[in-house]
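In the structure tokens that follow, the same protein chain appears in two forms, which are kept apart as structure 1 and structure 2.
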Structure 1
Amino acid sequence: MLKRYLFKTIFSVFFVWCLGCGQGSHEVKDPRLMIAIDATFAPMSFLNEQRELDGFEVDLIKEVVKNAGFDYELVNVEWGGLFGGLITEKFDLVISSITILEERKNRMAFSIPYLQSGVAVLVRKDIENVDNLEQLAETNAMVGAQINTTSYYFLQKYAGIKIKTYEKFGHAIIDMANKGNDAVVGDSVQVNYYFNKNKELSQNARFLGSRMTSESYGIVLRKSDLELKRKIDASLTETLKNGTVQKLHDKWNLGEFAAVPMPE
């Protein structure tokens, strides 16, 4: 009888202790991820009136990392510092409407795509008889783009065009209002956002065609972080499949200027 009692007690103590172990090991979390984002790209990422990071990509990355089981911290880093800072381990992930490009893949890894976008062109209304990029090139127009972006690479294909580069996309738009350039190329979502938001711009500029390229945005990681990439891809796949990304697309009114891809 006593033996049995002892056995029971020892067993239950062990059992409870083991439960504890189980919980303990669950609590060992992955380390905190530092996420860099360029907050000058409304509606994808920007500082809201409370000076907090906000936008489609801010919402999205929070979902993806939380769903992957990570703690995180968001840092606002300008466009020019994103890739260098990732490689030198100042932060672990970058999300900033970054197009997945083969050349970029030499230095960095990309998640599966979370959005399809492309570049769009706005031209000043007082520039007449111009309906396409070829005509802008023929007239040696001055066209603005953010430096080292797909818009900038796109313009390099048109020999006659004089390219004026800017550190921030918004500066190209301001410069157009001052007639510092004849046209501006940017990611279609941002171009459309500025166009609709800024009355002066919509009065004085017009779209040259629609989306001119087909690009996919990905989250950027270090090439060596294979395990992290696996977890981010798995979480992103889930977030895409369960409709969360589409909901955010609706919330931020991305409209026809960007589409949500469906992973296999």
Structure 2
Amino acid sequence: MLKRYLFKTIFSVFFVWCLGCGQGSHEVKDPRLMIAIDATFAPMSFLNEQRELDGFEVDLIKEVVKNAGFDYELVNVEWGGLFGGLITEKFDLVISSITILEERKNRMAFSIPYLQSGVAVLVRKDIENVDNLEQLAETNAMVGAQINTTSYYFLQKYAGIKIKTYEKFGHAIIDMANKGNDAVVGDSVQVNYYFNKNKELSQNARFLGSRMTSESYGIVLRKSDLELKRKIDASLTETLKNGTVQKLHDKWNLGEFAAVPMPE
């Protein structure tokens, strides 16, 4: 009986010790982050001529995660799969010019803002005596926008405007060059990119006023990843304060309507 009791006691202690070892090893998290980005938004994120991920946000996220002490893998994912992949833990971070909105905060967490952008308008130069969207609406102008974007919903505020939708913003630009619409509305960074890239466009179109709205972009995380958010915010704060983000802004020529914020 005594031997059997001693055997049970030793076995129990050994089992608990092993269990404790297993739990400790399980708590060590992989420092490699899976990061998703939708590479269809030049110059923020796109595939270059070598079919490699490139752009302002690609450069930015590399700086932020390395400075935070993480290894990473960056994958190109269509917009529709970004948030679902984050929630199901397929990805740890998402960066893709995602506006920080209160309704989105109910389902996910955001880093501090890394860029302030908004809606900008290009109008054909032969559309004269028009200096704002209100005047454009009075002419019952045909205005193009990428469907289901912030720009598209913004246009709906102007009753006189006829909205023409496109699957991609670039298609709206091409249509304007062919006089298929009178103006186009898009994110200020994207509008600026096409305006500077296309000489014919810069000769035949002009900006209508300045930036129409103000939006802040943030890196997206799961709400439960509090420690990861703390590290990402700390790293992003440093890259904002030391001028790294501004240098990337200048490198990619994001334009005067896109501003680098200073952390509070």
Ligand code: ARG
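Just so we're on the same page, residue numbers count up from 1 along structure 1's sequence. The term rigid core refers to the maximal set of C-alpha atoms that superpose within 1.5 Å between the two forms. Keep in mind the model is a prediction, meaning the values are calculated, not measured.
- Shown as structure 2 is the form predicted alone, with the alternative form given as structure 1.
- Splitting the chain into two rigid parts between structure 1 and structure 2 leaves residue 115 and residue 245 on the same side.
- Of the two rigid parts, the smaller turns 19 degrees against the larger between structure 1 and structure 2, judged by C-alpha superposition.
- Aligning the rigid core leaves the CA of residue 120 displaced by 2.4 Å between structure 1 and structure 2.
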